[in-house]
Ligand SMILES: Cc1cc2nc3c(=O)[nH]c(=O)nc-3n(C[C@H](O)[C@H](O)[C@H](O)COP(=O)(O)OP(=O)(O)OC[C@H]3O[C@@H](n4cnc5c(N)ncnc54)[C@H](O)[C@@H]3O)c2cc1C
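Single chain ahead, by itself, as structure tokens, in the form predicted on its own.
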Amino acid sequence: MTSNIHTIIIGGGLTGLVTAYYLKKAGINFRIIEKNAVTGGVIQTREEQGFTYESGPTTGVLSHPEAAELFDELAGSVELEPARPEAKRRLVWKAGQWHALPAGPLQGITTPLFTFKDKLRLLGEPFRAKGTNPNETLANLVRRRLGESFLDYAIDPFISGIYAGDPERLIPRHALPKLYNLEQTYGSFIGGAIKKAKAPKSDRDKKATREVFSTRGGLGKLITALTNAVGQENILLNCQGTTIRPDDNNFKIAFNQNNQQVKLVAKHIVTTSGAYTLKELLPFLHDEDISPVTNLRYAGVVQCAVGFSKWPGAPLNAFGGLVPTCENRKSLGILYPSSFLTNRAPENAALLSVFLGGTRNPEVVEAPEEELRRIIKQEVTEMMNLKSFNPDLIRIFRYRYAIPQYESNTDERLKAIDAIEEKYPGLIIGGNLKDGIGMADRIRQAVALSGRIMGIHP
């Protein structure tokens, strides 16, 4: 079979689905090519024994107006669920117990998380000179402005929760651009945050509330709403061995679907898959062109849903707890979805999400299941004040390429992508290998990708 399509989108995850959604609104002919049997990528919601749990991301943050606008457009088919107030309380593990991250000046003075020296040093943060190295690591930036204890017990666990990464290697300009720009624009984290909060905002900017969110019934409901809006007839599932080659002013796409060879011709290609897939997906590219892209490092993560029909442990009145590297534990953190989202567990029950691995313990992703269960038992029992470990539900999910790490080679990767796209007009390389890893980042990029296609649509 050979068909002519205007745009082919590689990958039916969040980025691909949102890109397709806006192309359909514009009346552009497209197809999504997805290797799995379902859309959504790692965003999948499961229901079992009264528990509703995620096998991928638990929540997103409304950090860009594009995310809020998408939910507005999908109203009636999916409902945004802001997290309960408990989500504002974040815990950090130190010296054998959980401590709340300070939520105000008084807590900042009394918290045992930071040293007295660094608390005093914080008073001088607004007056320190801004950095001049655009590739300064996050760790060095925080040491310079805030001090070692803030790095150890605020930034490091925060990075474990977002990137499962290493602040000694992440580059804030790419990994945390809003934090980087606070210093570069205003000269200070504290002063910059105050000035930004007071700055006038447009009605559209106000939609980026920074609220933590899910959707009623789980994030899978968002995927279902997008899939239905895009149209099942426009999505090709179970596509294996996909390759793309340029052909005059078009691209030829070939793949196997249900033991049949399928060939398509398209004017535009949008890839949203991982960097590690691109060499086989785009075999016409020379190694020197594609290797700066495929050299992207990923953190592997093990995620475990643990459900208790009757919770016997510590109070779950928080978003969850994160674990600093210096505490030398096996887990990255434990989230409490049933405490800040509705109907995630039966009454008086509890649902936890335990995260292992990351760049801290990469070998964990390949560990036998018995070993993972042993680690989870030890971490949950010791950290959540349990006398015994008898969960009613335990489900383990492994992701070898979970989270891309925006490190010192990011500029080289972005330049290589630009060069490839310039050399092969109509080819657009997207996905979380650039532009951020959060759900709102993915939605924002998808809006931009569809806009590029619409802008060159004849």
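All residue numbers are counted from 1 along the displayed sequence. Note that the structure is a prediction, hence the values are computed from the model and not measured.
The same protein also has a form predicted together with this ligand, omitted here; what follows describes it.
Across the options 387-395, 407-415, 45-53, 29-37, residues that bring heavy atoms within 4.5 Å of this ligand in the predicted bound form belong to 29-37. This ligand in the predicted bound form comes within 4.5 Å of a heavy atom belonging to Tyr399. Ser149 falls outside the set of residues with a heavy atom inside 4.5 Å of this ligand in the predicted bound form. Put simply, Leu141 is far from this ligand in the predicted bound form: not one heavy atom of it is within 4.5 Å. In the predicted bound form, this ligand lies within 4.5 Å of some heavy atom of Gln303.
Highlighted residues Leu91, Thr325 and Met383: none comes within 4.5 Å of this ligand in the predicted bound form, counting any heavy atom. With contact defined as any non-hydrogen atom lying within 4.5 angstroms of this ligand in the predicted bound form, the contacting residues in 268-283 are Thr272, Ser273, Thr277, Leu281, given in sequence order.
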